[in-house]
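Given next, in C-alpha coordinates, is a single chain: the form predicted on its own.
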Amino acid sequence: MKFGVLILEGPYQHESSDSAYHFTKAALEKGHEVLRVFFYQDGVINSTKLMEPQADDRHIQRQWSELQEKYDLDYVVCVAAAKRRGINDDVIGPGFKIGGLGMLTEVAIEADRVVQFGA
(Lines give C-alpha, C1' and ligand atoms only; values in the text may rest on other atoms or scores of the structure.)
Protein backbone atom coordinates (compact mmCIF):
# COMPACT_ATOMS: atom_id res chain seq x y z
CA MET A 1 0.00 0.00 0.00
CA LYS A 2 1.15 3.54 -0.74
CA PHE A 3 0.75 5.99 2.11
CA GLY A 4 0.93 9.73 2.46
CA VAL A 5 1.41 11.04 5.99
CA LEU A 6 0.15 14.46 7.11
CA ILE A 7 1.34 15.88 10.44
CA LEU A 8 -0.49 18.89 11.88
CA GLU A 9 0.85 19.10 15.46
CA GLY A 10 4.15 20.05 17.02
CA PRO A 11 6.38 17.47 18.67
CA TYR A 12 5.94 18.32 22.33
CA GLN A 13 2.34 19.56 22.69
CA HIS A 14 0.52 16.42 21.54
CA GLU A 15 1.24 12.77 20.87
CA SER A 16 0.39 13.19 17.18
CA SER A 17 4.00 13.56 16.07
CA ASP A 18 5.09 10.46 17.97
CA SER A 19 2.12 8.52 16.60
CA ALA A 20 2.96 9.64 13.06
CA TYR A 21 6.59 8.65 13.50
CA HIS A 22 5.72 5.19 14.84
CA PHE A 23 3.07 4.66 12.16
CA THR A 24 5.50 5.63 9.39
CA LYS A 25 8.26 3.42 10.78
CA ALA A 26 5.92 0.44 11.21
CA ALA A 27 4.44 0.84 7.72
CA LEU A 28 7.92 0.85 6.19
CA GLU A 29 9.02 -2.15 8.24
CA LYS A 30 5.94 -4.05 6.99
CA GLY A 31 6.93 -3.34 3.39
CA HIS A 32 4.51 -0.52 2.61
CA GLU A 33 5.61 2.56 0.70
CA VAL A 34 5.45 6.05 2.19
CA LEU A 35 5.33 8.46 -0.73
CA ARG A 36 5.66 11.62 1.32
CA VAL A 37 5.46 12.95 4.86
CA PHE A 38 3.98 16.45 4.80
CA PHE A 39 4.42 18.74 7.81
CA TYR A 40 1.72 21.41 8.02
CA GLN A 41 0.41 23.94 10.56
CA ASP A 42 2.26 23.38 13.88
CA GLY A 43 3.59 20.14 12.43
CA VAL A 44 6.36 22.16 10.78
CA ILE A 45 7.97 22.53 14.21
CA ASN A 46 9.01 18.87 13.94
CA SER A 47 11.54 19.88 11.29
CA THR A 48 13.61 22.44 13.19
CA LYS A 49 17.11 21.50 14.25
CA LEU A 50 16.98 24.31 16.82
CA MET A 51 15.09 22.16 19.34
CA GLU A 52 17.14 21.09 22.34
CA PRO A 53 15.16 18.62 24.43
CA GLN A 54 16.50 17.50 27.77
CA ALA A 55 18.83 14.51 27.74
CA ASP A 56 16.13 12.17 29.09
CA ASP A 57 13.57 13.22 26.42
CA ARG A 58 13.32 12.05 22.83
CA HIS A 59 14.67 14.29 20.06
CA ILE A 60 11.85 14.02 17.55
CA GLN A 61 13.56 15.97 14.75
CA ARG A 62 16.58 13.68 14.97
CA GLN A 63 14.32 10.61 14.95
CA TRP A 64 12.57 11.85 11.81
CA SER A 65 15.91 12.64 10.14
CA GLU A 66 17.31 9.19 10.93
CA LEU A 67 14.19 7.52 9.52
CA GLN A 68 14.41 9.67 6.39
CA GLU A 69 18.04 8.69 5.87
CA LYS A 70 17.38 4.98 6.40
CA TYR A 71 14.44 4.81 3.95
CA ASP A 72 15.20 7.80 1.67
CA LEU A 73 11.82 9.37 2.48
CA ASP A 74 10.38 12.57 1.05
CA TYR A 75 9.72 15.09 3.85
CA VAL A 76 8.05 18.35 2.88
CA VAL A 77 7.59 21.28 5.26
CA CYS A 78 4.83 23.70 4.23
CA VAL A 79 6.47 26.99 3.28
CA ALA A 80 3.63 29.24 4.48
CA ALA A 81 3.24 27.48 7.83
CA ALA A 82 7.01 27.43 8.31
CA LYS A 83 7.46 31.13 7.57
CA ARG A 84 4.73 32.00 10.08
CA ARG A 85 6.74 30.15 12.72
CA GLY A 86 10.18 31.50 11.81
CA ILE A 87 11.34 28.28 10.15
CA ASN A 88 13.36 28.47 6.95
CA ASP A 89 15.95 26.43 5.04
CA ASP A 90 18.65 27.46 7.52
CA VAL A 91 16.96 25.82 10.51
CA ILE A 92 15.38 22.66 9.12
CA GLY A 93 17.04 19.38 9.93
CA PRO A 94 18.65 16.92 7.54
CA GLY A 95 16.22 15.28 5.14
CA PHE A 96 13.56 17.98 5.32
CA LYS A 97 12.77 20.39 2.50
CA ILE A 98 10.47 23.39 2.17
CA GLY A 99 7.59 23.07 -0.29
CA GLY A 100 4.08 24.17 -1.08
CA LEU A 101 0.59 22.79 -0.63
CA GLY A 102 0.67 21.48 -4.18
CA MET A 103 2.97 18.75 -2.88
CA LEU A 104 0.28 17.72 -0.40
CA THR A 105 -2.28 17.63 -3.19
CA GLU A 106 0.09 15.55 -5.29
CA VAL A 107 0.54 12.89 -2.61
CA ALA A 108 -3.21 12.83 -1.95
CA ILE A 109 -3.72 11.93 -5.61
CA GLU A 110 -0.92 9.36 -5.81
CA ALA A 111 -1.31 7.57 -2.46
CA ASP A 112 -3.76 4.80 -1.69
CA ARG A 113 -4.33 6.43 1.71
CA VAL A 114 -3.36 9.70 3.38
CA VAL A 115 -3.16 9.33 7.13
CA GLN A 116 -3.54 12.53 9.15
CA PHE A 117 -2.08 13.03 12.62
CA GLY A 118 -3.45 15.95 14.61
CA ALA A 119 -6.52 18.12 14.39
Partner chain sequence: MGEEEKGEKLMIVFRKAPYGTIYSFEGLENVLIMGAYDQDISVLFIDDGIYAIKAGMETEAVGIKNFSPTFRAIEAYDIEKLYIDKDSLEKRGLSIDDLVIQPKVIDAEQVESLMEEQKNFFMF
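What you see is a predicted model, and the numbers here were worked out from it, not measured in a lab. Positions refer to the first chain, counted from 1.
Quick note: we don't show the form predicted in complex with its partner chain, though the next part is all about it.
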{"item": "8, 81 and 105 all contacting its partner chain in the predicted bound form, non-hydrogen atom within 4.5 Å", "value": "yes"}
{"item": "Partner proximity in the predicted bound form: residue 68 to its partner chain, non-hydrogen atom cutoff 4.5 Å", "value": "no"}
{"item": "Partner proximity in the predicted bound form: residue 101 to its partner chain, non-hydrogen atom cutoff 4.5 Å", "value": "yes"}
{"item": "Residue 41: touches its partner chain in the predicted bound form, heavy atom cutoff 4.5 angstroms", "value": "yes"}
{"item": "4.5 Å heavy atom contact, residue 15 to its partner chain in the predicted bound form", "value": "no"}
{"item": "Segment assignment from 69-77, 33-41, 48-56, 90-98: heavy atom within 4.5 Å of its partner chain in the predicted bound form", "value": "33-41"}
{"item": "Partner contacts for 47-61, taking its partner chain in the predicted bound form and a 4.5 Å heavy atom cut-off", "value": "none"}
